[in-house]
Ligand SMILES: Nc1ncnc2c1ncn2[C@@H]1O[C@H](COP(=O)(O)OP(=O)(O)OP(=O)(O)O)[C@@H](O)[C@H]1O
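Consider the single chain below, provided in structure tokens and representing the form predicted on its own.
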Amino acid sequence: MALLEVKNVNRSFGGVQAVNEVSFAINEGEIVGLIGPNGAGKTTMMNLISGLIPVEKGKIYFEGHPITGLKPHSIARKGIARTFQIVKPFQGMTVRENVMIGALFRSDNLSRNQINNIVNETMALLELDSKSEAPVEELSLAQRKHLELARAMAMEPKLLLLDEVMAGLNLKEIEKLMQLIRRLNERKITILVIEHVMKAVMGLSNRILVMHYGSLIAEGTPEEISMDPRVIEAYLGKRRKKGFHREVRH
């Protein structure tokens, strides 16, 4: 049984079909990339999975149970956590306090010791120990990205949704974050990642899903996707195929 199953899901905004009859499944333990040009419907798809916006038609299942129509907090407590394109830590608070919010949100029944253990382990995992008591305003962009991941991980998710977590980072910071994401996956966290940094998504993913104009146009391994003419044309047009191959492979 798939961990996450999306079946014939639709969502429109006004006259624009943002997601059109999209179906896919994600198995436990996978890292799956979701790519496509700007406006393809990727973030809308993630918002539908996490319950931020309602599904108009179709069904979404998590661990075999329907989650369509549930509120975001209910979906989160079933084991789905996410990050956002624009990182927004809680201002006026320390790094530790921000991570603690994730742990508190996951369950009302945790003891103080359990919460502290989750927070300590999560900050160590995301290499934020040394910044524990620092105000979030002092963090660099890369550190805020780590904090965004830590806050999601403190919810102890089974499925982690990452929305352009590499955006704005330099090459060294991207490689570091890729290492951390692999480390999360080794802890049996299944990951769906939206990313425009091709080096990252191709290097991390077991499979790639490609959206264009709201529809799923391709699915396969990174190598298969890098050679798919529909994907190349959707991104760059027919005249720049070689450039696309270089970008996804290096």
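In case it trips you up, residue 1 is the first one in the sequence shown, and so on. For clarity, every value in this text was computed on a predicted model and none was experimentally measured.
Quick note: we don't show the form predicted in complex with the named molecule, though the next part is all about it.
- Spell it out for me: taking the named molecule in the predicted bound form, does every residue among 13, 41 and 164 have a heavy atom no farther than 4.5 Å from it? Yes, the whole candidate spot contacts the named molecule.
- Identify, from the list 85, 114, 120, 132, the residue with a heavy atom within 4.5 Å of the named molecule in the predicted bound form. Exactly one listed residue reaches within 4.5 Å, namely 85.
- Message: Which residue, 54, 37, 220, 66, is the contact with the named molecule in the predicted bound form, using a 4.5 Å heavy atom cutoff?
- Response: Selected residue: 37.
- Can residue 59 be called a contact residue for the named molecule in the predicted bound form at 4.5 Å between heavy atoms? Residue 59 lies outside the contact set for the named molecule.
- Message: Using a 4.5 angstroms cut-off on non-hydrogen atoms, would residue 18 count as touching the named molecule in the predicted bound form?
- Response: Residue 18: contacts the named molecule in the predicted bound form.
- Item | Non-hydrogen atom contact residue 182 with the named molecule in the predicted bound form at 4.5 angstroms | The answer is no: residue 182 has no heavy atom within 4.5 Å of the named molecule.
- Could you tell me which of 221-229, 24-32, 201-209, 43-51 sits within 4.5 Å of the named molecule in the predicted bound form, going by non-hydrogen atoms? One stretch meets the cut-off, namely 43-51.
- Task: Heavy atoms within 4.5 Å of the named molecule in the predicted bound form is the criterion; list the residues of 187-217 that meet it.
- Result: The stretch touches the partner through 196 alone.
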